[in-house]
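Here we start with a single chain on its own, the form predicted on its own, put down as structure tokens.
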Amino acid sequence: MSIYSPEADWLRPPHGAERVWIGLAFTWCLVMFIAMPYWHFYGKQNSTGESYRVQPGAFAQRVQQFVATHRVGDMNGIPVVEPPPGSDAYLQAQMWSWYPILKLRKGQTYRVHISSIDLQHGFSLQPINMNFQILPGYDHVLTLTPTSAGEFTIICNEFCGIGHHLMTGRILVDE
């Protein structure tokens, strides 16, 4: 209840410049309403959407088996793993590390399985700016075909605790 009542004709229809701005806002809403589904299906900016339910412990075992089978070296105490072209590769997020370091071949296609063992993490592949949310209990499958050689950094872009700033990983791409 207000202290005093408003005038009887306080609500007036928009007029002049106000109508123009409302029209522009409405038009922009329509453009975005059409553009968002278009970019989702035809923009090639989204992943395949392939994901599976998995127990974190079972995923960790798959990662360990993958590392034991395809290990080619170490970098700062973290195993470097090179899967055969066209095969599955596994990447595990866990407070505050990405495990293992993947070594891929340029122009070859891989199915990279990514999951978290403990809590939600963000997968940001730099400098490509590829971003995904990684959740425990889900095996997210990304089909990757590296188009340039080099060292690519993986950054966790979802705050995951006091060591979040240390959570970086690598993908090495050779010719």
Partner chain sequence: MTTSTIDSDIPSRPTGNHAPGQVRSCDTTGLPVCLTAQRFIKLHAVVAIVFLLIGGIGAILLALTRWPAVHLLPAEWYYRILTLHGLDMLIVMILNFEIAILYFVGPVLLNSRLFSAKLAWIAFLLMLVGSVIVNVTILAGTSDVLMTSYVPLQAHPAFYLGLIITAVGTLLGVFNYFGTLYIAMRDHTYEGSVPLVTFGGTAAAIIAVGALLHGAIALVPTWLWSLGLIGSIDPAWYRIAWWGLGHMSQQVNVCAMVAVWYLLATITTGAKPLSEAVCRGAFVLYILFINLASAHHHLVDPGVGAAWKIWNSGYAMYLAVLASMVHGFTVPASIEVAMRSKGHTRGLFGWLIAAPWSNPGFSGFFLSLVIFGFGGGITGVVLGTQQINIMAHNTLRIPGHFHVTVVGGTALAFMALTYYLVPLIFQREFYARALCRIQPWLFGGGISFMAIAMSFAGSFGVPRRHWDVEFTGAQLSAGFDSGAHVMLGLMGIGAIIAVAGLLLFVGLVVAAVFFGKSNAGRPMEAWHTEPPVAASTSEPDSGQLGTPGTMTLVLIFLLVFVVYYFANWLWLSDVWQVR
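Positions refer to the first chain, counted from 1. Note that this is a predicted model, so its numbers are computed, not measured. Definition used throughout: the rigid core is the maximal C-alpha set that superposes within 1.5 Å between two forms.
What comes next is about the form predicted together with its partner chain, which is not displayed.
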- prompt: Quick one: does Thr69 come within 4.5 Å of its partner chain in the predicted bound form, counting heavy atoms only?
  reply: no
- request: Indicate whether Glu7 is a 4.5 Å heavy atom neighbour of its partner chain in the predicted bound form.
  value: yes
field: is_contact(Ala60, its partner chain) in the predicted bound form, heavy atom dist at most 4.5 Å
entry: no
task: Using a 4.5 Å heavy atom cut-off, state whether Val54 contacts its partner chain in the predicted bound form.
output: no
- request: Using the arrangement in the predicted bound form, list in sequence order the residues of 5-27 with any heavy atom within 4.5 angstroms of its partner chain.
  value: Ser5, Pro6, Glu7, Trp10, Leu11, Arg12, Pro14, His15, Ala17, Glu18, Val20, Trp21, Ile22, Leu24, Ala25, Phe26
message: Aligned on the rigid core, do the two forms place the Cα of Asp9 2 Å or more apart, comparing between the shown form and the other one?
response: yes
field: Rigid core fit then Ile22 CA moved by 2 Å or more between the shown form and the other one
entry: yes
